[in-house]
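As structure tokens, one chain now follows by itself in the form predicted alone.
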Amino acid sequence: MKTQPTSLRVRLPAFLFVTEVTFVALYAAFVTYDEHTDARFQTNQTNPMQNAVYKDYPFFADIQVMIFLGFGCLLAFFRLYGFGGMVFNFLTATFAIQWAILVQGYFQFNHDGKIHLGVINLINAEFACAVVLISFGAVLGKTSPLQLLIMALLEVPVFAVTEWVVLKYLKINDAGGSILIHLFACYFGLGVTFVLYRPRLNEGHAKENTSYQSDILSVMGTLFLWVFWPSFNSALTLKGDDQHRAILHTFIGLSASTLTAFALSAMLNKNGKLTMADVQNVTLAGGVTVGASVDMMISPAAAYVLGMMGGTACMLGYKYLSPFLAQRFRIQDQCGIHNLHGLTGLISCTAGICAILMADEEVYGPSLYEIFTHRAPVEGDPKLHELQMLIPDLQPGLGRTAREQALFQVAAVFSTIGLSALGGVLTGFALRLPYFASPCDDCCFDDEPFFEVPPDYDSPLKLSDTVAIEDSAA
């Protein structure tokens, strides 16, 4: 019988109860309502449509589906680790969102010593949660629930600080989160799995496989993510034409990566058959590759090309790069997050930089300075007054040129990768502490050490073993 150390019976509840009490105290001391939520700022004469909930809640609801259903089902592809993939996703996501509201609130929504809470905070917190769940994919099946919670506890502050530094000091454009979500999550997760390297797993693991049912469940997760990804990419863009373009570009990019995934899956398979892992992951690559330029005037054709490039890079990464990293660099990337989020994120950032270099008033008109706010003229510049006659709400910018803005984008890419990888390595060393009840090698990719499982939970494996024995006897 495979059992998890009995200490987890005490340590997991103790950690959760202590953090809950701490969260209650912090929420009571520092969290209040924002102006769209506080009854003191609302009257019966207030137009309900002016409340942020009507603009932001539909996007929040869509991202909720991605976080809890999309990621949950997608991570349930191991046939003996379905409970772990879905339920630990549920647990980690809920914890990460609660924690991110506080940590991000301190940096972004802090006024007069209070965190002002509204739907927009929840959207930002769910982006931080997405970062944690992407990183979770690198160590899927190899960590205890307590390790995952500690990972979220440490990753959210590192992410919030990186986000604050990049946005406040480098002042970049990253509407779809290619830099601050996908690249950060990828290299943080790779840093963790590098430290948690298990040599025996490179030799193959008896439970590191899928079943017919688990693959179907995982594809359902892919479909949830695919359908709602336009909301993810457009949630924090400017309302109006920017958001409209973001939705269109995301859909086109996803469509292109999907067709590319099916074509390459059949072409690269010796038998000419489709591989479910390709359908589950490569089809989503286009949503990442359009992210950095998703709200820009890149043209629908460019969005399509980016989707094809993302699908190709992701497919080749799964087939050739992931085994190489595991064998040569001690990076056991369980879900291939480097392919779906790292390689595609780099393509996206490159495309975003090119789009910034080519952006000018001839293409964008005066709205150039709304999309690229840091290129707006500085206070006192006569041109700023001219632009404000056309756009009354336009704020003074930094007067950056296209080239200067592109260089800051490059600096943000390298800064994010460096900070995330360092944070991941340090987090990995913390997770190696025996107190956090890491599962043994034989217990990896198995629900039984952590859950009350039904008697037939491993019946597909037993059936396979029986067939193998009968064939060998024949």
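Predicted model only: the values in this text are computed from it and were never measured. The numbering used is simple: start at 1 and walk along the sequence shown.
Below, we refer to the form predicted together with another copy of the chain, which is not included among the displayed structures.
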So another copy of the chain isn't shown here. In the predicted complex, which residue out of H111, K273, R403, H385 has a non-hydrogen atom within 4.5 Å of it? K273
Answer option from V425, C443, V65, L419, heavy atom within 4.5 Å of another copy of the chain in the predicted complex: V65
Does each of V195, V378 and Y435 have at least one heavy atom within 4.5 Å of another copy of the chain in the predicted complex? no
Since only the chain is shown here, I'm wondering whether F414 would be in contact with another copy of the chain in the predicted complex (any heavy atom pair within 4.5 Å). no
Report yes if any heavy atom of Q332 sits within 4.5 Å of a heavy atom of another copy of the chain in the predicted complex; otherwise report no. no
My question is simply whether S144 lines the interface with another copy of the chain in the predicted complex - judged by any non-hydrogen atom within 4.5 Å. no
Can any non-hydrogen atom of H338 be found within 4.5 angstroms of another copy of the chain in the predicted complex? no
Considering another copy of the chain in the predicted complex, find the one stretch among 160-168, 103-111, 345-353, 206-214 with heavy atoms no farther than 4.5 Å from it. 206-214
Those residues of 280-310 with a non-hydrogen atom no more than 4.5 Å from another copy of the chain in the predicted complex are T283, M296, M297, I298, S299, P300, A301, Y304, V305, M308
